[in-house]
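Here you get one chain, nothing else, as structure tokens; it is the form predicted alone.
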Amino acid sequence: MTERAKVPVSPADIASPTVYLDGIPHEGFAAIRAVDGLVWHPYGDEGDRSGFWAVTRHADVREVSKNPEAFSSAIGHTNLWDLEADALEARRSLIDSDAPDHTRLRRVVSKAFTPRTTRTWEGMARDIAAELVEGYAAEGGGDWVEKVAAPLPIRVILAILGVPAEDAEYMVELTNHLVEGTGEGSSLPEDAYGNTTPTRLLPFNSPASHALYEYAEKMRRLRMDQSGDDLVTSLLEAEADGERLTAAEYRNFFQLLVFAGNETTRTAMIHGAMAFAEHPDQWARLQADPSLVTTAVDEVIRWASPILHMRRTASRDVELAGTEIAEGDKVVMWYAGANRDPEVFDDPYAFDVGRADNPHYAFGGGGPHFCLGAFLARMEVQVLLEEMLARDVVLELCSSPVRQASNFVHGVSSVELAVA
């Protein structure tokens, strides 16, 4: 094992959830990027292995992402903390798997998220965006999260799954509780939502995961009785390598799709709206030249960095950035750091809707775990911007955002904006 005394310790805390109550600690990430090689970041209380290698540079994130043989998603948890073996198996989903399991699982749903398929959902997403933007403008503004950013992506992903639209608020409620589990812990009692499972066996250590599992089972029974033209039916009927999803794989897939298809996209929409309110010159630039909407979408997503990090575990002794990493070490890719790397992005702390060269890692650093819903997220952000442009909606910031204490999701619970 690497002797920890001989490696640099992180000059900044980027792991404590409360740090993110003031936004992404960009100065801390800059200080870590400036250190030659990798730094060791303390975390937890497990002796010499208590911590992780902080990967914050763009090139290093890419190398970890594209080398799943050395940097495993299945050996350890994809969050910072460790799990016991039974908990890891109970929670395991697409993002916690390596090939060949990952390849099989991804094949089950990959056709549903291609650019071609995503385009078939654009009309539905645009109708929802138009309805929400019109209502928001008519009211003169309000809580952007509650009125626009939260309902838009959840209504889209629920329509794709085949879940009734009237259950959207319930799904948002559950995913909000899941985000709590990435911070200071769930505020729910262990038996919330009728849960009887030890929370250590549940994703995000939250009883809300039990509620999502129960809802997934409800949808399974409905579709077993009557199939539909939706993703739940596809999950139940699809075969890969001659096998169908097990009950555990199905429920974990359902939860992942609800969480990822909702939380990350709404986070991008929240930070995008705040960015345009704080940089009115960039909104005016987009109004003057709507053809910039494509580059604006990726700049919004880079700026937001909705998922702050993803962990891998070294499957063998390996070297990265001139640093020796021991088998079993945690290796954490910080997308929030890579997306401000000055070696890749000109003026990285500027919000620039015309940024043409924008190889951000908000959807991961490439490789087999590149975000399944990247095309869907881009489409949703684009239709929202286009519907705002069509109605000459100009946003102004009324108050500071209420941020979430999470080192995993760059979350905002509420933010008051006005329509000028």
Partner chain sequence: MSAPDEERVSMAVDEDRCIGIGQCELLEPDVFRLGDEDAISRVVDGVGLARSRALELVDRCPSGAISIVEPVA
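Numbering follows the first chain given and starts at 1. Since we're looking at a predicted model, the values are computed, not measured.
This next part talks about the form predicted together with the partner chain, which is not shown.
Can you work out whether residue 44 and the partner chain are in contact in the model of the complex, taking contact to mean some heavy atom pair no more than 4.5 Å apart? Taking the distances in the model of the complex, the answer for residue 44 is no, it never comes within 4.5 Å of the partner chain.
Report yes if any heavy atom of residue 294 sits within 4.5 Å of a heavy atom of the partner chain in the model of the complex; otherwise report no. Contact check for residue 294: no, nothing within 4.5 Å of the partner chain in the model of the complex.
Look up in the model of the complex whether residue 354 has a non-hydrogen atom within 4.5 angstroms of the partner chain, and give yes or no. Answer no; every heavy atom of residue 354 is more than 4.5 Å from the partner chain in the model of the complex.
Is residue 110 one of the residues lying within 4.5 Å of the partner chain in the model of the complex, judged by heavy atom distances? Yes.
Which listed residue (246, 114, 187, 196) meets the criterion of a heavy atom within 4.5 Å of the partner chain in the model of the complex? Exactly one listed residue reaches within 4.5 Å, namely 114.
The unique member of 287, 176, 103, 227 whose heavy atoms fall within 4.5 Å of the partner chain in the model of the complex: Only one option qualifies, and that one is 103.
If contact means any heavy atom within 4.5 Å, which of 369 to 377, 24 to 32, 389 to 397, 50 to 58 contacts the partner chain in the model of the complex? Careful reading of the contacts points to 369 to 377.
Contact test, all of 126, 218 and 220, partner the partner chain in the model of the complex, heavy atom 4.5 Å: No, the whole trio is out of contact, none within 4.5 Å by any heavy atom.
Within 4.5 Å of the partner chain in the model of the complex: residues from 52 to 67 (heavy atom criterion): If the 4.5 Å heavy-atom criterion is applied to the partner chain in the model of the complex, 52 to 67 yields 62, 66.
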